[in-house]
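Below: one protein chain in two forms, given as structure tokens, structure 1 then structure 2.
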Structure 1
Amino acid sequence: MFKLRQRRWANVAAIYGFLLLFSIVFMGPFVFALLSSIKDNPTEWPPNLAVNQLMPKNWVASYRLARQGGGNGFTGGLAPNRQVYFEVSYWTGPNQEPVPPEVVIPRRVPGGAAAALKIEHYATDYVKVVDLRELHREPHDGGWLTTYGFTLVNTGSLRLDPVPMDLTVPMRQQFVSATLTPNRIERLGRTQGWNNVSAGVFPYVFYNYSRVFQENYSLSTGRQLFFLWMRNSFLLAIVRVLTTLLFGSMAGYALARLEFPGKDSIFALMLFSMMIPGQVTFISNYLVLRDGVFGLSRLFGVSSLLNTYSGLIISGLVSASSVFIMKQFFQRLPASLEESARIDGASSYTIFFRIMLPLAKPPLGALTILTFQSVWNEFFWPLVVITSPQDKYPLTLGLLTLRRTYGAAAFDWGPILAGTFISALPIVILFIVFQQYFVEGISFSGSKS
């Protein structure tokens, strides 16, 4: 009995161990992408999972610096006539005299040229460095550990955000620690740089995420583009989900429960269309939209459906796979439901909307996830249909714009990873909400009455 119980627990442990390994393999890249989107240098090699933005000591330091500057501890800022106090420590060898760092408030512009046009005031024009002095010196590792302190003062009448800072020391004078961990160390360790010394907790931790929203804006309207891209993708996805659920369920019910001439041929043609790659029908679909669906759009005063949301929606109004899933589900339901309703005088529309459709929550939930994910991640077809302006782009084309802005020349992958991670969140949330219906709907779609 004891051996049987021991074997059972061993099997359970093996199953859970396999599931844990399986989750690590599949969730590992997702977690690594999240950590990389927060890091200052996501392309560092070898990769390092230690992220300065996730260290509690830096949260406390960024909160205190923002409070000293007269701003909110979580959102930051350096108010007029306010100041922040900063300390930094360096190690020097026994035969080298420690030299105070050169403190510079640079005229730094994150992002591309569009971000530079948006900046009206630079911190370097108003912030002064005062009272730079050596605080103490003590023996350390055969050399000297020297700590310096200084104060940054906003002498202007404007609230400043961000306040970047660079410290530079001679060669062989090694940086050890500071009030706030620097965002980068350059020039063989001589220069330590901070993106914003009074950022506050949230802008410090989610620096790349704030850049995605703040640095990308429309030159014509001045509106923030990332919000527009998300809104456009949500609009297209929601409309396509509604049309797919409505037309897919109606067509599936008709093919499963109604009798009419050519039903089997229509279903066979639909299955055949599912086997054709989209690249085969790409040119013909493009010509249909270019001509306004065989000229029918001219009845509404529109000569072409290219570069319009109507073209994207009409070209994907309903998919053959959605009709197939709904047909398989409706075939599984017992015929007695319809027979009893028809005895009571119900029409086909009444039976469908009041009896069949309420029972179809599992496949409808599965279709909601599949359709939303398909539209949300669709890239090639929107790239062909939507050309300009950037305000009309869905999120996938917006991420391509981020790639051109940050990755092509600047090699600044932080905002790109941040935007990519944001784009994945709606799919994850949607799957968590509808996962029960998703599993049930897929299982029902493969069954037959």
Structure 2
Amino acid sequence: MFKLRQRRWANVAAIYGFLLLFSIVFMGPFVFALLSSIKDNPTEWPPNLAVNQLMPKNWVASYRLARQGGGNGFTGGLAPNRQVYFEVSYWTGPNQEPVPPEVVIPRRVPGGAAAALKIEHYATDYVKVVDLRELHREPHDGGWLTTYGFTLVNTGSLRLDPVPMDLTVPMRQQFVSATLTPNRIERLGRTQGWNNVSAGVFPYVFYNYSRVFQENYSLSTGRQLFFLWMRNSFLLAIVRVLTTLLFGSMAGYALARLEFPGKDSIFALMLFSMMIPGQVTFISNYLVLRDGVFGLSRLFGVSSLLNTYSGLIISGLVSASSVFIMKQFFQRLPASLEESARIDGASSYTIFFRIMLPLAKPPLGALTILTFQSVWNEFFWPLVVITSPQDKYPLTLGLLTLRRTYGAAAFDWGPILAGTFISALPIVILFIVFQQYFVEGISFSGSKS
């Protein structure tokens, strides 16, 4: 008996061991990339998870600095006539005399050219460094640990955001610590750089994320591109979900429960269409949209449906697989449901809208999730239809643009990873909330062959 129990425990432990192992395999890359996406340098070697942005010490510091600057502790900014106080410590060897750091407020132009136009006032023109002095010096590790303090004052009449800062010291004077951990250390440790001294907690922690929004502007309207892309994806997904639900259930009902000439050939064509890859038919579909669906769009004063959302919506009103899912569901309902209504003289429309549709909540739920997910993640067809301007891109194409913007010469991975995770967020939330529907959706679509 004892032996048996011992054995069962060992078995359960082994199962959990494997389960955990595969959790690391499947979630590991995500979690690692997510944590790296808030790091200053996501391509650090060796890769590590020592993330400055996750240290409570830096949260407190950035909150305090932002409050000193006259802003909200969470959103930051340096108000006129306000000042922030900063301390920094260096270590020098026994034979070296420590020197106060050279404080520079650089004119750092963020991101691409379009973003540079947005910043009208640079902190470097208004911020003065005052009261730079040595605070104390103590023996440390065979040398000296020297701490300097200084104050940054906004002498202008405008609120400044961001306020970048660089400190430079001579060779062999080693940086030890500062009020706020620097974002980068360059020139063999001589220069310590901060993106924004009075950032506030959120801009400090999510610096890469704010770059995604604040460095990509539309050339024509000047609006934030990433915001536009998100809006486009949401609108497109919502419209396509609505059309799919309505038209999919209509067609599914007709194919499942009505008798009419041509039904079998329609069904056969539908199965055939589910088999053929979209990369085969897109050639003609591209031309159909270009010519405005046989010129019909001219009736609405539009000559071509390329680069329009109408084009994407019209070509994707309802997919064969969603009709299939609805057909499968309606087929399984008992015939008695319909018969009494028919005897009472109800028309097919009445039966569909009053009796059938209210019963179809479970497959409609699964279909909503499935369609939203597939539209949100769609890449190939939007790539063909929407080429310019960038304002019209859905998120997937937007991410490709980010990859081109920040990955042109050397990869600047911070904003790329950040954009990636923002775009995945809605789907992940949807998945966590409606997990059951995702699973059902897979089994629904799985039953098709």
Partner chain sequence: MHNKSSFRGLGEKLAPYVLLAPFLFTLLVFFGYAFVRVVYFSFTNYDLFSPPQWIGFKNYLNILKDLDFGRALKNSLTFMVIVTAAQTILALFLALLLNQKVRGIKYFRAAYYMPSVTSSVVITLIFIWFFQRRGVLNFLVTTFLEYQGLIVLFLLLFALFQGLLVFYEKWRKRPVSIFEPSFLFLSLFISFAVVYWGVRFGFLAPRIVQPVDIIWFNTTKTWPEFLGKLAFPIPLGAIMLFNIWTTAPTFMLLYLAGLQDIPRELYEAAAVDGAENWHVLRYIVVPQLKPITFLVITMGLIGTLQMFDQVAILGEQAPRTSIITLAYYIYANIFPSSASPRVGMASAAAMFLALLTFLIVYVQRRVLGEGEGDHV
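Please read these numbers as outputs of a predicted model, since none were measured by experiment. Rigid core (definition): largest C-alpha set, two forms, superposition within 1.5 Å. Residue positions are counted from 1 along structure 1's sequence.
- Which of the two shown is the form predicted alone: That would be structure 1.
- Query: Core-aligned, does Ala346 move its Cα 2 Å or more between structures 1 and 2?
  - Reply: It does shift by 2 Å or more.
- Core fit, then Pro277 C-alpha moves 2 Å or more between structures 1 and 2: It does not reach a 2 Å shift.
- Message: My question is whether Leu299 is one of the residues whose C-alpha shifts by 2 Å or more between structures 1 and 2, given a fit on the rigid core.
- Response: Indeed, Leu299 is displaced by 2 Å or more.
- Query: So, with the core fitted, how far does Gly17 move at its Cα between structures 1 and 2, in angstrom?
  - Reply: Once the two forms are fitted on their core, the shift reads 4.6 Å.
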